[in-house]
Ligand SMILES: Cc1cc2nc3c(=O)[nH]c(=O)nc-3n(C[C@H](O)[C@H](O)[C@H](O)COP(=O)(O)O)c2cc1C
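In the block that follows, a single chain appears as structure tokens, in the form predicted alone.
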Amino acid sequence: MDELRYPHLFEPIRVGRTIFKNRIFASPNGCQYQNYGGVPSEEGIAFYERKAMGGFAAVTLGECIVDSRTGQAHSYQLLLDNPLGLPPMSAMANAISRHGAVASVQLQHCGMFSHLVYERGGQLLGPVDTAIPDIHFTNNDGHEVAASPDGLRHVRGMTEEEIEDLIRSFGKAAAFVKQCGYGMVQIHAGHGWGLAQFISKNVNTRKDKWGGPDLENRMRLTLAVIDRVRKAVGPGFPIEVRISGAECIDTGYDIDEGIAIAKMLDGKADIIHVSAGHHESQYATTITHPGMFQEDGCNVKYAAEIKKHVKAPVATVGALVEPAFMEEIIASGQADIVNLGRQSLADQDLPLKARMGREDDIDYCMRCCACFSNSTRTRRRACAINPVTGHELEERSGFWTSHKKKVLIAGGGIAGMEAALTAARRGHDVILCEASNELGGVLKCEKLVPFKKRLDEYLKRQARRVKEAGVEIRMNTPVTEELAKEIAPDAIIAALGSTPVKPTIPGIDGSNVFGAEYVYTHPECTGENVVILGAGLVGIELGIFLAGEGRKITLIEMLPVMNDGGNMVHMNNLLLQIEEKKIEVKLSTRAVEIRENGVMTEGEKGEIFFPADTVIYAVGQRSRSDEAIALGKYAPEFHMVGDCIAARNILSATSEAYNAARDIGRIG
């Protein structure tokens, strides 16, 4: 083997008495797989172990609560004060460390945002007496309703005794995880959680030694926690402290104060882990978890500034995917360690692939936020482009067995390619037929969109993998009933996709009217003033793309809300783009006629005319279910996946295709 392509990235680093085999750490993911009492389940253990198997130097369990009586935000957090957690937590530590990774635990207290404590009748505790907006829910009429009478949750400032109890809780938790076999702890003092609330000069206005205008007082709790944790784990045991380099909100601190905080941690924290943002702000959350509109490594600047002022190793995190870029970060001295969050879901094997020089085979995170939305909705981990994520236990146990079959895949889009790959990898003879002259399906129309760069790369990578897997590919070949009968497969997977819905509006066939799919590949066909009918993800993203090309965009939607397609986290990023690019959105408005110079609509205020040079319809997709169903009688095993069932997102299409292909051949 030639010299390593990324020598700085794969140079081991010694922290305390521990040697980390490279500079790529798996940053904390909340552990939504657990049993009653907040202890890890077998699924959770397999989830984290899979990262260690992929070559990460450290794997950190996220959202581990040091005091469940006062600091728990929701039901899906690991509880470090439950003694019954010893066996499964020990099993987790062993599962990670046996693959050469350092197993780490994030120690957290949620402070005044410990919503589960409140919902169970407990008192919210924070630095000072205050009130925070209540958690809202939506009733059957679509209106948000506060759960408490005054719409607020009241927080009581912690007494000195309660502060000392909290410090002891961190120490006990650290001793517990060391007993379980973990090799590092991460103290969470960022993102607006418990310790960060004490650090904040706008939140912590106490008059005693624990707060006020003096940063030394506001840092006192965090430093006392580090001291107590050090006493619990002993010398040489790595202690990592996570902070926000800047909170990125009007009431938060900036990078200058972030530097001051880091300088006070220097000499006490073995690793200063620099993130950014604040979880209570919609805007700042998109900084903590960058979306597809931000550049790679957009938060590295915070770590780079802090590193100029401290001696401790500095870790950076946020929108890091490409090994070459990570190598440059380390080589240039901007940080000593890179942490990967969502990228560790998209491809758990990134470290191994990068070390082996197989960068072309890495699945890069698209920052589509499907993982966040799925975990928020279902409390289960998932990734739009990696169907193994969330199913690591099944993968590890070899849940399915298969007998070799002849498999016909009808359609070469997202679902069809994943089905073909999975079936081929399981040893089946696979024939993939695609009606067009290119694999990739409908989404390949977005290849010109700058913020969909990773999607285009993924489609090309999947197409290459299908060819390399030995799949017989037949382009320009729609799967008709006659063809299916001629091939006589043992199994058919129908992944025919869908077709755009063309609304029946007077003027829809005008020369100034186009479908969204066409405009994505021919943006030059649009004039300066564009009206888009439909404010679902397709219409919104197309509007953002065209606005970036200098067009003035108006979105018209019949419903009273924009449709996030089940991805509410991605919608936060879209809303910020809509505001930034000054896109006009008209809800509860129906187009009644398209004219040469615009669109006549009806809404709550009667008829309104919107001038436009170009009108685009993006009102949904119609599944090709009838065509798919017709193929079912030509094979003993038959599956329908993706859009040919109903409108799907990438996550659903990939998962359905993966599992359908794995089901084939279970009976010989």
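Numbers follow the displayed sequence, beginning with 1. For clarity, every value in this text was computed on a predicted model and none was experimentally measured.
Keep in mind that the form predicted in complex with the named molecule is missing from the display, and what follows is about it.
Of the candidate stretches 244-252, 311-319, 491-499, 262-270, only 311-319 contains residues with a heavy atom within 4.5 Å of the named molecule in the predicted complex. Residue-level contacts in the predicted complex: of Gly62, Gly44, Gly55, Gly38, one residue has a heavy atom within 4.5 Å of the named molecule, and it is Gly62.
For the candidate set His191, His115, Arg590, Arg230, a heavy atom within 4.5 Å of the named molecule in the predicted complex is found for exactly one residue, namely His191. Residue contact check for Pro290: one or more of its heavy atoms lie within 4.5 Å of the named molecule in the predicted complex.
When the named molecule is considered in the predicted complex, Gln106 lines it closely, a heavy atom lying within 4.5 Å. Taking non-hydrogen atoms only, Ser68 never approaches the named molecule to within 4.5 angstroms in the predicted complex.
Taking the partner from elsewhere, Phe237 is found to have every heavy atom lying beyond 4.5 Å of the named molecule in the predicted complex. Along 4-29, residues Ser27, Pro28, Asn29 each place a heavy atom within 4.5 Å of the named molecule in the predicted complex.
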